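Form predicted on its own, single chain, as structure tokens, below.
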């Protein structure tokens, strides 16, 4: 698992980010070993003294949890244990993903929190959920009436959650099947790379990757439409898999009939199987989603605050969860109790997006983080992970171009980075915009989120 493979790097990052001395690191941190991972609980062995257990647990639980989340994207519950405690811990349940774990690692990253168990079912998504579960259960012998399965709905309503749920279920219950989950942006980049090299072997490897499988899940298909070579590759891949009786699952922001630039050959194929839409959740479902997230994050708000969020954020599950994340972050950073007045103040820009708002570096960092499904803390952190560096540099670029903040001021807000680091990040984005149309579109999209007017 990723956390085990990266354990040494995780500990060194903890040392560097929290500026631990070498003696502290060698005494308390370096001896820590992973004993067992059971579901979302990470058991860590400490040196065999009770004082070490008490000290490390009190001082390093939160910092370690933060660093592990940066590396893995998973919020593990951490339990420090002594060697004698291992006798009391039941062996981890066999993880159903293990038979096919290598396939998962090679092919894609799934969000461990996106499963059928964590998906809140309401009137807005009941049909899509039911059909998705049927497709996952029958993946070994797909029914024609459900192939392809075309899921559609607006941004942040749960399409990706269902796609990941299907993939997790198949990996757990049909380990013999070879599956591929991919976002259409990744698929497009892979096609572009294969074309750019001019290598037949690379193109053949790409085709082998997507055509010699049992289940293909492709997210946000609308981004493939209009890209001639990419959609041609997808069209041929679709035909190969469909004719071989393999399951195909597609998601989009709208149904095929509303895709004005969609060629008829695509439209007809997308409609061969089953289409299921996901609409905006009703009040009861919104409340259920918030309470589910509170339970998963071990965070509890006064019911009045939860009702305030559910009443005022109606169209987007991602915004619902984002509101809760903001309040959790505020409480953690300030150690202040969240009151209804605090919630109203902190959620003003989400609940009243049309009200006048000043564009500040803090606002830009928050929106960039949300766009890339990261947290502001991750962008400000010292992490050098590529999936953090890119949005961080975009935040630098936008802060320079959308605010009057000085370069040194931007660096200070972004974790105390120096002047030269900010210049490098801005220049990197400027070069990418000139070379890559997709980067230009990405920047324009985020700018519209920051300033819709």
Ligand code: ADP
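Numbering follows the first chain given and starts at 1. Remember, it's a predicted structure, so these values are computed and weren't measured experimentally.
Below, we turn to the form predicted in complex with adenosine-5'-diphosphate (ADP), even though it does not appear here.
Chemist: Does adenosine-5'-diphosphate (ADP) come within 4.5 Å of any heavy atom of residue 118 in the predicted complex?
Modeler: It does: once adenosine-5'-diphosphate (ADP) is placed as it appears in the predicted complex, residue 118 has a heavy atom within 4.5 Å of it.
Chemist: Given that the partner is absent here, does residue 160 sit within 4.5 Å of adenosine-5'-diphosphate (ADP) in the predicted complex, heavy atoms only?
Modeler: Yes.
Chemist: Taking heavy atoms and a 4.5 Å cut-off, does residue 140 contact adenosine-5'-diphosphate (ADP) in the predicted complex?
Modeler: Close contact is absent here: in the predicted complex, residue 140 is far from adenosine-5'-diphosphate (ADP), nothing within 4.5 Å, heavy atoms only.
Chemist: Heavy atoms within 4.5 Å of adenosine-5'-diphosphate (ADP) in the predicted complex: does residue 269 have any?
Modeler: Output for residue 269 is no: heavy atoms all beyond 4.5 Å of adenosine-5'-diphosphate (ADP).
Chemist: In the predicted complex, does every one of 169, 215 and 249 come within 4.5 Å of adenosine-5'-diphosphate (ADP), counting any heavy atom?
Modeler: The answer is no: none of the three residues contacts the partner (heavy atom, 4.5 Å cut-off).
Chemist: Please tell me which of 340, 186, 205, 155 lies within 4.5 Å of adenosine-5'-diphosphate (ADP) in the predicted complex, judged by heavy atoms.
Modeler: By the 4.5 Å heavy-atom cutoff, the listed residue in contact is 155.
Chemist: May I ask you to choose, among 307, 321, 85, 297, the residue with a heavy atom within 4.5 Å of adenosine-5'-diphosphate (ADP) in the predicted complex?
Modeler: Going through each option in turn, the one that passes is 321.
Chemist: Sort through 223 to 231, 77 to 85, 207 to 215, 312 to 320 and report the only stretch with a non-hydrogen atom within 4.5 Å of adenosine-5'-diphosphate (ADP) in the predicted complex.
Modeler: Heavy-atom contact with the partner occurs in 312 to 320.
Chemist: Since the CA distance of residue 155 and residue 72 differs by 3 Å or more in the predicted complex, is it closer or farther than in the form displayed?
Modeler: Compared with this form, residue 155 and residue 72 lie closer in the predicted complex.
Chemist: Hey, the CA atoms of residue 216 and residue 73 end up closer or farther in the predicted complex than in the shown form, with the change being 3 Å or more?
Modeler: Pair moves farther apart in the predicted complex.
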